[in-house]
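Listed next as structure tokens is one chain, alone, in the form predicted alone.
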Amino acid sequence: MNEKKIIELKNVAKSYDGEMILDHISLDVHEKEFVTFLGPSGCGKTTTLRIIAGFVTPDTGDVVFDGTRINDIPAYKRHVNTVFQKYALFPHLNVYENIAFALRLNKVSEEEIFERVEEMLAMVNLRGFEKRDVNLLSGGQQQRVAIARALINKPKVLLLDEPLGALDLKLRKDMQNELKNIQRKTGITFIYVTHDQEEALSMSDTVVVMADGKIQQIGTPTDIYNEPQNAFVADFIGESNIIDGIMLDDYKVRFSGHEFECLDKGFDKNERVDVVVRPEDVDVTKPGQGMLDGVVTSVTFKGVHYEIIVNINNFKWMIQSTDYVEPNQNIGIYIEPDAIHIMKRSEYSGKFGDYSSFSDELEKLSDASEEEE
């Protein structure tokens, strides 16, 4: 990326009541970039966003904007705007006046206000809604007003905190496309927070995966999916079989009692590793014709493919295949070398990637116990 850095976080840490929320993270964000902070609840992603916005002060570390340290600059003086999940529109103002609000504060002429509000309404597909009461708008329309209001004074960076969380699935998909288009058109840097992997992968130039107050990996959506750096990332982004393995040599790994060729190198001889195989990269064969054999324990139709759970040496694999197999059937599986991805072991090793607990029955049980709470 040739664009210059617009935001730098340098060794930023934040604790609340003695609990470390952000554990000395460092990160660069570049101009015109769409960056997404992705992670489960409590991973520190919203705190990071609020530190950039100026709503939260870090305990240690520096926040640098356009080359200047801004730790002590209040939120309203920073060249950033924030769009929240709860849109925080002014209920007593109509659509036009909500969007014009920041310009009125800055004493911009009526003529310029009119031009810029109309430009924003066109950008968010709300032409003709000028006089509409914001309380009568749908969630998606309110979201668009909030985005237009945040963009009208041309911030250098737009921060978006789970802004599509309250929308239904189809509307979310439409808004994802729209946000990406708006970001491209305006050239404004977007920093987006979500726990939705698909949202992060489909919208972003760069994904920052977070867990336990630390950055686990930074990369393009393709890198994050195809080359996860540890078991947490592999599990959090899509489905993954994560198996204990031993790297016998460059390009040779042993797992599940079989030696496999792979494309990875640079590990110590006989180093213990985590092996990732995505469910869609496994081919089903007749027993004895693949590399491993197992028994099918469950089959679920998912529309495009079947999700098959197979017990192989007491480890439950997930396979996604367009071919149907019967429960309790013996099958073989075949794995190409480029479908095997080797990762260093980490604190997350052994916690993910076995689908033993993956059954509709268990999901129903956990739903029932949640209802009782």
Partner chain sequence: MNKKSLMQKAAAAPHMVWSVLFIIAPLIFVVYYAFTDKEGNPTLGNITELAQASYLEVFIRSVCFAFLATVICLIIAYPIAYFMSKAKPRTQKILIMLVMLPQWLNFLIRTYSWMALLEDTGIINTILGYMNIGPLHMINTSGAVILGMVYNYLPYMIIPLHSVISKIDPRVLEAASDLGCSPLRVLVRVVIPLSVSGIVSGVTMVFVPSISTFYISQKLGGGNFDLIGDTIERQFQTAYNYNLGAAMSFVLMLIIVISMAVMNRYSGEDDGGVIV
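Quick caveat: nothing in here was measured; it's all calculated off a predicted structure. Residue numbers count along the first chain shown, from 1.
One more form of this protein, predicted together with its partner chain, exists but is not displayed; see below.
For the three residues G303, K316 and F352, a heavy atom within 4.5 Å of its partner chain turns up in the predicted complex in no case.
For T186, no non-hydrogen atom is located within 4.5 Å of its partner chain in the predicted complex, even though that partner is not displayed.
Remark: F90 counts among the residues lining its partner chain in the predicted complex, judged by a heavy atom distance of 4.5 Å or less. Though the partner is left out of this view, E97 does reach within 4.5 Å of its partner chain in the predicted complex, counting heavy atoms only. Taking non-hydrogen atoms only, R50 approaches its partner chain to within 4.5 angstroms in the predicted complex. Of the residues Q141, Q197, T82, S256, just one reaches its partner chain in the predicted complex with a heavy atom at 4.5 Å or closer; this is T82. Checking D161, D205, D235, D264 for any heavy atom within 4.5 Å of its partner chain in the predicted complex turns up a single hit: D161. Contact with its partner chain in the predicted complex, defined as any heavy atom within 4.5 Å, is confined among 210-218, 153-161, 116-124, 237-245 to 153-161.
Along 60-76, a non-hydrogen atom within 4.5 Å of its partner chain in the predicted complex is carried by A75, Y76, in order along the sequence.
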